[in-house]
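Here's a solo chain for you in structure tokens, the form predicted on its own.
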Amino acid sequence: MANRIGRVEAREQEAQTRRMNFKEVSLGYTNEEAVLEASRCLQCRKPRCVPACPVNVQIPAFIAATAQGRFAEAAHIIATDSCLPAVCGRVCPQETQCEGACILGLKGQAVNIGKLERFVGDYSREQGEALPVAGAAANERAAAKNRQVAVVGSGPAGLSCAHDLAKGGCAVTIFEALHKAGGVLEYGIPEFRLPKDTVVKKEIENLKKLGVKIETNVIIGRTLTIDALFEEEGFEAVFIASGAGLPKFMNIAGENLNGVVSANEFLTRSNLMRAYDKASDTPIYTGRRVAVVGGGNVAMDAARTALRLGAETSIVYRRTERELPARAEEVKHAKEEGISFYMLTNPVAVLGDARGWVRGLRCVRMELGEVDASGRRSPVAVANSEFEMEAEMVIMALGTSPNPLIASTTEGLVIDRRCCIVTDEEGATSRKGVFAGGDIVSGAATVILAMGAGRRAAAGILRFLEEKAAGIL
């Protein structure tokens, strides 16, 4: 039966409608659609999807419950391993992880695990289902007040680590530099892909129900140092999950012109400060034409945001579409919405007008040469192929690196040449009691990989606290 049912695709807003609004593109599954898609799962004896999930969600089990209409039970199964099901169901690259490992995908279409996870997460939230607090009973948590752990950063790594630590009996406080919790979930992903009030805020509220405290507007390295967290605040362990928020630029002529911004700044202004909302007083400039340099998910997010703000938008990428690092779904959506793609194109200068504002890009045509260290063919400039393209705004979406603030204010914390904190497999750093994970360790990566790092570090911290209490350390 399962093999005869075609993959149930989730409904979406029509492209010409959604390009004019910031409402969510995917409309998700109905109850009936979720049951039908879940029934396609073969319930493999040795499921390949579970080890392919960075947080090891028990995928066959939650899908089996979904197929039988036991949606609350499915939510409880996911909650054992993930505190962000509605988020992960929306933004994780399932096609290269759990769905990429699905046996049905070898000769056909994999089970739509991501959309099923989203459905279960949404159902749980909409029905007000109370998710289980596994691990430590309430009296154990109350008795464990001395096991205080600080988490620096409220992005996916920090939230995931705090979730497992709270379930393990720790009193956890998250310190967030900005005025809203969520990290990249709040400021880095557009509203049309990840609704903030109905999804991100609600999933963070679930975490607070475990007893996790969140203090915003606290910059670790300025407001407090790592040393102060131990010596003055009384924490026994610290998990650093401050992400990689320092944008990269090309270092070409004209990058200091008005109208050149990083994708980080552009998306933060739009998301965190609600500049996309016409009722907001937050200004955001696009001009009539926007060029986004880069080909990852962040580039797609920035381009699709600029489009919705009324700009004619183009993606400029130095390789071919085949090498685009963005998810295929995001590229497809961008094309459907009318974004232009300039492939095998590389900017060599940003052009300005007499007032110091951007008027365009000078670009060169590229061709692919030999394979480089990334495993992809290197782009090589084509001689005498320069041309100009008009734009009033240029958004650089070239990746990010960790902000060096914490490393520069924490003595004895070893970092590598990329300013990433060096850790072992459990997230332990060179400083006793200090752990780290997510983009601050790996460099810019995905939400789910950061969550996996948070879970591994939580296990390491719990082991550290147990050994400390036993006098082993």
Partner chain sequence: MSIEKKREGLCAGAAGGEGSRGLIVEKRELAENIYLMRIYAPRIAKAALPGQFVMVRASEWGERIPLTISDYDAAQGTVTLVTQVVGMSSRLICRKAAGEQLTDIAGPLGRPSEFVHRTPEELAGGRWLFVGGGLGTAPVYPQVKWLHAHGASVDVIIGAKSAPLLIFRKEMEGVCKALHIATDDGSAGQKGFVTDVMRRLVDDEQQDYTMVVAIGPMIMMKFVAQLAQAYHIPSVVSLNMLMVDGTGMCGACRVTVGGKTQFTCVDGPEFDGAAVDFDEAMRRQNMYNELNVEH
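Residue numbers count along the first chain shown, from 1. Just so it is clear, the structure is predicted and the values come from calculations on it, not from any experiment.
Beyond the structure shown, there is the form predicted together with the partner chain, which is absent from this document and is the topic of what follows.
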Counting only heavy atoms and a 4.5 Å cut-off, does the partner chain in the predicted bound form sit next to every one of Arg11, Gly28 and Gln68? no
Picking from 211-219, 157-165, 97-105, 375-383, which part of the chain touches the partner chain in the predicted bound form when contact means heavy atoms within 4.5 Å? 211-219
To verify the annotation, which of these, Arg193, His76, Lys196, Arg269, has a non-hydrogen atom within 4.5 Å of the partner chain in the predicted bound form? Arg269
Out of Leu224, Cys363, Ala72, Met366, which one falls within 4.5 Å of the partner chain in the predicted bound form, going by heavy atoms? Leu224
Contact test in the predicted bound form: Pro93 vs the partner chain, heavy atoms, 4.5 Å: no
Hey, in the predicted bound form, is Tyr317 touching the partner chain, heavy atoms inside 4.5 Å? no
Heavy atoms within 4.5 Å of the partner chain in the predicted bound form: does Arg355 have any? yes
Classify His179 as contacting or not contacting the partner chain in the predicted bound form by the rule of any non-hydrogen atom within 4.5 angstroms, answering yes or no. yes
Within 273-306, which residues have a heavy atom closer than or equal to 4.5 Å from the partner chain in the predicted bound form? Met273, Arg274, Ala275, Asp277, Lys278, Ala279, Ser280, Asp281, Thr282, Pro283, Ile284, Tyr285
